[in-house]
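Quick setup: one chain, the form predicted alone, written in structure tokens, and binding and motion questions come after.
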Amino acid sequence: MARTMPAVDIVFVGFGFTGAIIARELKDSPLRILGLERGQPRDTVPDFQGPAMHDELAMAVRHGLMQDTARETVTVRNRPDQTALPMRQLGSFLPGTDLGGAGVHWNGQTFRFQASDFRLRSHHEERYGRGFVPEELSIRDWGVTYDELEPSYTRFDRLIGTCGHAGNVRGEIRPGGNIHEAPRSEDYPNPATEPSYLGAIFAKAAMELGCQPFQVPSANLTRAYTNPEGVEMKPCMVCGYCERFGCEHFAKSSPQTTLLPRLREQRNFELRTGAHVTRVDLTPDRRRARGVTYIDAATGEEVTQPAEIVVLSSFAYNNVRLMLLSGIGTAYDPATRQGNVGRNYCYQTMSSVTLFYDDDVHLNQFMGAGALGTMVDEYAGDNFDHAGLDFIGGAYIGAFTTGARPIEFHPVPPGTPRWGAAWKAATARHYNHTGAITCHGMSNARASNHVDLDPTYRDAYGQPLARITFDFPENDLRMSAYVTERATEIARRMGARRILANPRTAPWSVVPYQTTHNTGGAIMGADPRETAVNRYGQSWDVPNVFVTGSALFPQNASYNPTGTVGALAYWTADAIRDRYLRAPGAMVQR
């Protein structure tokens, strides 16, 4: 028999950025707040300190901060008529584990989505006419607008101390920033990064082609900063150990460096680690959540945790899986296109151009940071005219210097032997003289791409794994070819001895890393038949259940999702505090 814990008012399932934001926004409420994290506690000291944290083999190659696929993984396939197989080793994406989740090992690239991204279908039909959007795509509007989210974006920027140069402040266009961005209410809290050498070469070439380069908005701090919570952060040392690593210098924004110090002092908050939630417990009529059940990692005991409100705040597809395991909503069926949980799974459409320089060009990319990059936005989203083109969407194009760590970074030109003395010589020759341009493209939803429960494979607790069915739509492949050619035009002006274009091709594979930007599955919107949650992240079917994170995205934009994830967390926190607590129940009528 499960052990029953004393009831709380609100319980969070997974505790990273989104759970921390909402819990902190409820600090002045009388609520009893509980955060459940399946992993272990982690903090900057001692867990992220060098030299252990700079162990590239342990952290980057063997995924020391990531989900253990021996205990829980996903199954993957490209089409519904295929048999999905388990991802036995992380590759294409790297979900985090333990306290802070993916907010510990992210790069820190902090973008806002374009205003048109939130009205994607409406925007394209208004600009180009009905029928312009390719029939294969199931894109939709979000149900919330950029203008509504802008104050929440600003709050997230202040929380993490985003560094950048604004290109549009209240409609005033400012050179040096992103002139294509949606209007901001204020500038970034901290100044932008300085360009790397590769970034400077890229910027010069891009300007020659009429583009307006700018520095990537960064959560790698450029100066000492104290956020609105009173938490102090330090300037980045440009050590090259951001992505896949925790930051030892208190210089990369994470839950540990922005919110957790204050949450530990918060009287109405409790954090419980080693608590693997297996289901949301519902009333017999399945219209209300009574709490959650979890496995205590220390004892193996099943524990029931009663709660008045349940917030699913774990990694994107884990939120979807828990809804499906718990019977919240109706599972999506791609054959009939019915159901509201699991639909519109999206990813990120990545491509690149590699530049091989002569021996006298020393790029020194080992001095890097996760968000140290220079980019142009002329080809992102709908920033360019798509009339006459056979696709929608686009990509930002940038040159990043994130840290050329020796195990992972060994670029060699085509034709080089894959091992032996010749490979070693080529690696030594090209290590400090090779760079890349990245195309970070949209991922548009289509009917066959979805998340459901695997009928065969189970996790260590005997529960069905999440099954991801995904491949790149033809629209996105055509988009990738177009933007990669634009990146190649910039590369031709950057003075490299040789360039190699790498457009995205199908099928999607889980073997090489691409991004950790999994989105969709519990999408937000205005139609309860086709969306899992309303505009506030509240379940249509079980109104005291809320969902956070990129699972809410109806499709993925050209930009890294964390800034939008943070903004939506503040948006949901406001709705819970100012509306739901005053009148519990559905905040949007079906």
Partner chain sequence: MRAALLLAGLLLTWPALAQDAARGRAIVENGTENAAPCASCHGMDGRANRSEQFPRLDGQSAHYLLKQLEDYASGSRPNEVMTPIAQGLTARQRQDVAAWFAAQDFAAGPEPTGEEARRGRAIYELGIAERGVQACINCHGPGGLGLGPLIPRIVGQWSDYAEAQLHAFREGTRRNDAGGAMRAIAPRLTEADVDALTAWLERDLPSERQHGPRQRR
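Nothing here was measured: the structure is a model prediction, and the numbers come from that model. Numbering follows the first chain given and starts at 1.
FYI, the form predicted in complex with its partner chain isn't displayed, but the following is about it.
Peer 1: Its partner chain isn't shown here, but in the predicted complex which of A200, A506, A115, A501 has a heavy atom within 4.5 Å of it?
Peer 2: Checked against the cut-off, the match is A200.
Peer 1: Can you work out which of R88, H362, R287, R418 has a heavy atom no more than 4.5 Å from its partner chain in the predicted complex?
Peer 2: Flagged contact: H362.
Peer 1: Quick check on E248: any heavy atom within 4.5 Å of its partner chain in the predicted complex?
Peer 2: E248: contacts its partner chain in the predicted complex.
Peer 1: Flag A481 as yes or no: does it have a non-hydrogen atom within 4.5 angstroms of any non-hydrogen atom of its partner chain in the predicted complex?
Peer 2: Flag for A481 set to no.
Peer 1: Find out whether any non-hydrogen atom of G143 is located within 4.5 angstroms of its partner chain in the predicted complex, and reply yes or no.
Peer 2: Looking in the predicted complex, residue contacts with its partner chain do not include G143, since no heavy atom lies within 4.5 Å.
Peer 1: Is P235 near its partner chain? Define near as a heavy atom within 4.5 Å, in the predicted complex.
Peer 2: Contact check for P235: yes, within 4.5 Å of its partner chain in the predicted complex.
Peer 1: Among 298-306, 316-324, 227-235, 184-192, which stretch has residues whose heavy atoms lie within 4.5 Å of its partner chain in the predicted complex?
Peer 2: Going through the listed ranges, the match is 227-235.
Peer 1: Need the contact residues for 33-60: heavy atom within 4.5 Å of its partner chain in the predicted complex, sequence order, or none if there are none.
Peer 2: V45, Q49, G50, P51 sit within 4.5 Å of the partner.
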